[in-house]
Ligand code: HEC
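Shown next as structure tokens: one chain only, the form predicted alone.
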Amino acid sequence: MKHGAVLLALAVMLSAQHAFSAENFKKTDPAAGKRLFDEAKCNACHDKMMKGDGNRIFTRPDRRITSAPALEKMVRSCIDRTGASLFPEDAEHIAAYLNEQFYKFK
């Protein structure tokens, strides 16, 4: 019985992780995402991490984000870590902006 519960939990977790895809960018507003990104001063943190060029975090050859779900997950993680007062849907708009500007996931 425990094995079945573990498999069910894993299935739910994986489906939730892949719930956001590049297809979801069609339901978002990248312009609102840019405004939210700027208002939350996201690049101030990135500037510190990347020694003055915050956008380099998105364009470096060894970047960790390789899919739309990973991008959305990272945006949510950044919001949580920084305590930015943003709504859950704001993360989707920010992810759409970053995708349009840097990542280009289909």
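So that there is no doubt, residue numbering starts at 1 and follows the sequence shown. Predicted, not measured: the structure shown is a model, and the values here were computed from it.
Keep in mind the form predicted together with this ligand is missing from the figure; the text below concerns it.
For a residue to qualify, one of its non-hydrogen atoms must sit within 4.5 Å of this ligand in the predicted complex; none of 26, 32 and 68 qualifies. The closest non-hydrogen atom of residue 96 lies beyond 4.5 Å of this ligand in the predicted complex. For the chain shown alone, residue 51 is not a contact residue for this ligand in the predicted complex, no non-hydrogen atom being within 4.5 angstroms. Applying a 4.5 Å heavy atom cutoff to this ligand in the predicted complex picks out 63, 64, 65, 71, 74, 75, 78, 79, 81, 82, 94, 98 from 63-101, in order along the sequence.
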